[in-house]
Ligand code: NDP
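We begin with a single chain expressed as structure tokens, specifically the form predicted alone.
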């Protein structure tokens, strides 16, 4: 039992994102703890307010022009008018406000006290609010997430980040997206869908580092085919403004001019000014908080979950980590968040879904068989489009266990969630083969891949 006479709270959470809110709710509602949470911006954090949710709604908005074109091929007499960005932005803000209210209601119902202000650490058991108040807690959880950044280059102030993209007064005619990760690719794709002329510049030789190479190359070709100007091995040296717009000067000497420059070159842990150094909380090379399997830092009373720990930076993972922390500390159920075979999706058009090992990772571990299918889906084939789906399974040659699944195409995000269940359970290729196909669907290809395309790894 917690000695409540010694502390103001059993738990104080810094950060109102998905991980922090889940930890606070479980600790209070199921663990019986006295809990407080401080959030200096809007409740819901990056995912709800500045990331996954508004981005996905923009993805949906950007998909309608192509759908309207396809509808005409199917016999519908429809035409697309102009896109009303202010109207969309107003509805988007209303939805985010609804979600924020839901988060606050959840915390209130659990009995969590919320402080709408910044909090920093001033001791192993003490936080200080922006107004100077000191609050003590037996346990402190840091769930401050990550933040985007613009590199220190000349003209950096001319660029925006993903935080500002949902609040633009108007859509640009031309946009330069700098970066090659999933955030850069998603924004490039959704802006193109909304009618913006998009250039994507990435300093590397291939987008989506860390994803399966065949899948990411397939997606890159699809994005280029949809009209995105892909500039690889293009590193921006400086930005400058002229009457023509904002010009990005490349280190190679070339230039790209646009009306808006979005920097999406990664995110860094949001730890600045929290007071961690003075307390002995260890930080990694990227500024991430170092924790053990139970999300505990080097200071026993201080824990951290979510993107601030830079383990797997996905909202569902932060939620699992927050829940596991509350189970461990307040419910007497020692729980480690499971970081194996976590599925992910890139919400470009087309989408990319992935779970398990990439072909490159599998080849480094042992002998594997690779099964692939690339085909034109019925829906867009009928409409006269050249889109191609990619389905891919990676199978351990000895055990026949499916080690990885990668999908590129419409609905990949939805399909990979279901495929992840099979991969997580340890399904074999024979299990996939024994599953009767649902016809006609694109997903049936996952259970009709009979012959390996190639074998990889040491013989």
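As the structure is a computational prediction, the values presented were derived from the model and not from experiment. Numbering follows the first chain given and starts at 1.
Although not depicted, the form predicted in complex with the named molecule is the subject of the following passage.
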Do residue 202 and the named molecule come within 4.5 Å of each other in the model of the complex, heavy atoms counted?
yes
Please determine whether residue 322 contacts the named molecule in the model of the complex, using a 4.5 Å cut-off between heavy atoms.
no
I'd like to know if residue 88 sits close to the named molecule in the model of the complex, meaning any non-hydrogen atom pair within 4.5 angstroms.
no
Partner contact for residue 314 in the model of the complex: the named molecule, 4.5 angstroms, heavy atom
yes
Can you pick the stretch from 149-157, 364-372, 270-278, 290-298 whose heavy atoms fall within 4.5 Å of the named molecule in the model of the complex?
149-157
From 100, 235, 229, 217: within 4.5 Å of the named molecule in the model of the complex by heavy atoms is 235
Only one of 192, 265, 309, 358 has a non-hydrogen atom within 4.5 angstroms of the named molecule in the model of the complex; which is it?
265
If we check the named molecule in the model of the complex, which of the residues in 328-357 reach within 4.5 angstroms of it by a non-hydrogen atom?
345, 346, 347
